[in-house]
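Given next are two forms of a protein chain, the same chain in both, each as structure tokens and marked structure 1 or structure 2.
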Structure 1
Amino acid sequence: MKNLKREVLWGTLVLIILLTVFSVYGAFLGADRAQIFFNSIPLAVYWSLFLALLVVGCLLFKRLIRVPALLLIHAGCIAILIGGLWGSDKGQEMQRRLLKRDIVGSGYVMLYEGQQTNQVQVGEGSDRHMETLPFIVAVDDFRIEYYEPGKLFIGVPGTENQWSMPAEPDTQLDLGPKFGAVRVVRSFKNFRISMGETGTRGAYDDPGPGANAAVEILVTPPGNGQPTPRYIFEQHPGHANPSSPLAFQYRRTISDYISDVRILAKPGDPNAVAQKAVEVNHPIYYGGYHFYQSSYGQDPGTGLMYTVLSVTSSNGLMWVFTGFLLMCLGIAWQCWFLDIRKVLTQEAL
């Protein structure tokens, strides 16, 4: 029995050292490669062995059960490992095969405004495929919020002359006697031009779908010449003009991007079972899945924006959260509660 206890202690110590090595190694891999590494078959064997040693240790060392603090700490570790194995890619695959559970692994949903789907893109490259959710995800609106105002960057190609100014109406910047001055007239979130009956063009901000940010400026040549209007577009920087040596770029800094998401029990259902404005670090949860605001894009043909939501199964997550709670309680009990109780007992005497 003593030899078995010694082997369990040494085995657990070795696994803890390996866990430290794996954690440091995984920190340098990046999120995607680290996920593949920690879900690999060798690591699955490692986690299973770690879990087995913890259970055997609790059975061999009775003090781990008699002392509440130690019991909480070790029970927390066991719960975390069970939750991690249960919710891992291999664990979900085993649940599909053995328990016939229809679980969607982590993936992405890409939707335009007004669209809805139950299809999730899972995997990468040649392994990419679609899986089906048991409910419908609908996006009513997608919007990008920016820090205002944007910035206008001005340069002279082939030289070191560079300037910047806020793209705020009525803001003017003097570029010196060689290059004149620039004044901002107005900015647009979705620039459009309409043609009048007389052939004149009028620029306006279209409230409809699409995004074509731009800024209208007046460029005054050196010597107080006649100001020339120009439009600088965020999506097509560096516009050149043969009559001017100046090149312009219009940039805005994103503060947030938000998708108004509704969850429907079935297609066409007018009543949502859950809904939320999903933004970075503020997901919506339903049916065992978290939906996070991951990214966005724009169709080059139509100019319409689409949102990308990452889908993550919460399978095994409650085991992990419960395990961390037990660990924290056990550590607090061992490090503080016992000493506090001793002090209160002594003061009472």
Structure 2
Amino acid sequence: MKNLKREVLWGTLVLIILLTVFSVYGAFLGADRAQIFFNSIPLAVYWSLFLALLVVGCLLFKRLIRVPALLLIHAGCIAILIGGLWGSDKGQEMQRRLLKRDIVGSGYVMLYEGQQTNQVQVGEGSDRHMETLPFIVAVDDFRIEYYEPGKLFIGVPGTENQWSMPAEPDTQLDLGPKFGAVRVVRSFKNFRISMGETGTRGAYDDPGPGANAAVEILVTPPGNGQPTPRYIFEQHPGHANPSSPLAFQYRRTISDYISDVRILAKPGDPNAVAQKAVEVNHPIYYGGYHFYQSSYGQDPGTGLMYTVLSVTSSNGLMWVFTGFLLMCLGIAWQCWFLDIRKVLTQEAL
């Protein structure tokens, strides 16, 4: 019995060292290849062995059951491993085959504003295919929010001269005696130009669909020359003006992406079974799946925005999160209240 205990402890050390080595190796592979490596058959054997050793350890070492902190730590590890194996790609594949469970794999849903679907694009490359959700996902609106104001970058191509200024109306930047000055007149979220009856043209901010951010600036040449207006577009930096050595760029930083998502039981159902403004860090959860704000784009023709939501099943998640909680509580209890106290009381004696 004593020998067996010793062997189990040595086995534990070996498994911990192996996992450390695997982790370092995986870090050099990069996330995509590491994911394949850690989900491979040899690693599935490794994970199962780790799980088995934890269970055997708990049966052999009575203290791992009797001391609540140690029980929490090791039971937490067991729960995390079970949840991880259950929710892994291979685990889900087995559930589909053996338990005939209909689980949609991790994938993406791409929707234009106002569209709805139950199709999820799963897999990459030649493995790419569509799978069907048991409900409908609808996107009513998609919008991007920015930190205001944006920034205007000014440079003289081929030289070290560079400046930046907030793209806020009425701000002015003096570029020195060689380059004059720049003043921001106004900014546009969706720049459009209208033709007046007399043939005059006017710029305006279009509240309709589309996104074409721009700033209007006045460039004053050195030596009190006549200021000339210019429009700088965020998406089309444009060409340098031959009469001026200055080049401009207008940039804004995104603060959030938001999709108004509704979940419907049937296509066209007026009543949603769930709805949420989905943003980064705030997914919507329904029917065993989380939907995340993942990406977006714009149709170049219509200017309509589309949003890309990533979909993941929450298979095994409760086990993993419960395991996290148990392990964390157990480690804090063991280390802070038992181990440290033991050393300090020994010392005091």
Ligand code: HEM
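Residue 1 is the first residue of structure 1, and the numbers go on in sequence order from there. Note that the structure is predicted; figures quoted are calculated from it, not measured. Here the rigid core means the biggest group of C-alpha atoms that line up within 1.5 Å when the two forms are laid on top of each other.
Here the chain appears twice, and structure 2 is the form predicted together with the ligand.
Rigid-part membership, decided by the better superposition fit of each C-alpha, is shared by Ile154 and Thr228 in the motion between structures 1 and 2. The interdomain rotation between structures 1 and 2, with the chain split into two rigid parts and fitted on C-alpha atoms, amounts to 10°. Relative to the superposed rigid core, Asn39 shifts its CA by 2.5 Å between structures 1 and 2.
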